[in-house]
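Quick heads-up: it's one chain on its own, the form predicted alone, in structure tokens.
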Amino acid sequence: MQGYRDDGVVLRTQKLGEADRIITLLTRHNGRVRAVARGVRRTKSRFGARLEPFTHVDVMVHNGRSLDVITQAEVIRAYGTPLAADYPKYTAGTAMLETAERFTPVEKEPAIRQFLLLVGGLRALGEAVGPGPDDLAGEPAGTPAGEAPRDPRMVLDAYFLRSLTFAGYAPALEECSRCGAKDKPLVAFAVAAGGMACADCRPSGSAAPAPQTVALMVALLRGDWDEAIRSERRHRVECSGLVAAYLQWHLEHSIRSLRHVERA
């Protein structure tokens, strides 16, 4: 059988038969891949524990008739270890995995930017003090000494906003999403319109976020963590609600794990 080697993050696992699992990975070169791991539910399995969600693994995969088959797996980094003991981090990470799968609907279609974004987001979640602003784009860590810890939900919101940007759905935050005006006060956030709107273009039923909330969204989208960390909790809560609504509207699907994040 022909095979290929790649590295990827385990997004989800499903039971198959008595001893097997279907593993869904977001890989560096092959995009989202679903493959069978034979016998991994047996206690004597050689690599069952290496194929758990949140794990970044190096895998050897052989092509099968219906599903590919994973024949080797080596752990690169187990992101789930620092998340498992922290409920807010764990639930935010679960929402990241679900969102990554939603943004890669076609199997084996390369999605390198989404892969790097996911790896950087999980790394930022797992560290007590987040790395530098570029880390969510998959760049090496480099946190200045004394930087304040990042709120897990802010890390998640930054991941959502950048995922939307890579998919071509970046919200308009500094100009009217309808008329494009930059010199008019932006008074409303309209999910269906694509972001902020001026008073002349404001659709009925749109939200009216505080200016500080919009500034936080801009900071998260740009990776300006110095600005984001100075935000107040009420503006973070409002930001999270708007970002979640915007994300799910464009995905045309709810992110089920977000219900648990809201309780965190």
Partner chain sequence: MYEGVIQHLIDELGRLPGVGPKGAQRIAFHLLATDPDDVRRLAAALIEMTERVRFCKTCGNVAEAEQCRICLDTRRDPAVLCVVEEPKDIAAVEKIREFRGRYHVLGGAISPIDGIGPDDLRVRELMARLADGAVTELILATDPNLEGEATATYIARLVKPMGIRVTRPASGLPVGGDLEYADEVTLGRAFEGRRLLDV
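Nothing here was measured: the structure is a model prediction, and the numbers come from that model. Numbering follows the first chain given and starts at 1.
What comes next is about the form predicted in complex with the partner chain, which does not appear here.
Segment assignment from 29-37, 194-202, 209-217, 53-61: heavy atom within 4.5 Å of the partner chain in the predicted bound form: Among the candidates, contact is made by 53-61.
Heavy atom of Arg233 within 4.5 Å of the partner chain in the predicted bound form: Output for Arg233 is no: heavy atoms all beyond 4.5 Å of the partner chain.
Touches the partner chain in the predicted bound form: Val106 (any heavy atom, 4.5 Å): Answer no; every heavy atom of Val106 is more than 4.5 Å from the partner chain in the predicted bound form.
Cys179, heavy atom within 4.5 angstroms of the partner chain in the predicted bound form: Output for Cys179 is no: heavy atoms all beyond 4.5 Å of the partner chain.
The partner chain contact at Pro88 in the predicted bound form, heavy atom, 4.5 Å: Yes, Pro88 lies within 4.5 Å of the partner chain in the predicted bound form.
Those residues of 44-77 which, in the predicted bound form, come within 4.5 Å of the partner chain by heavy atom: Result: Lys44, Arg46, Phe47, Gly48, Ala49, Arg50, Glu52, Pro53, Phe54, Glu74, Val75.
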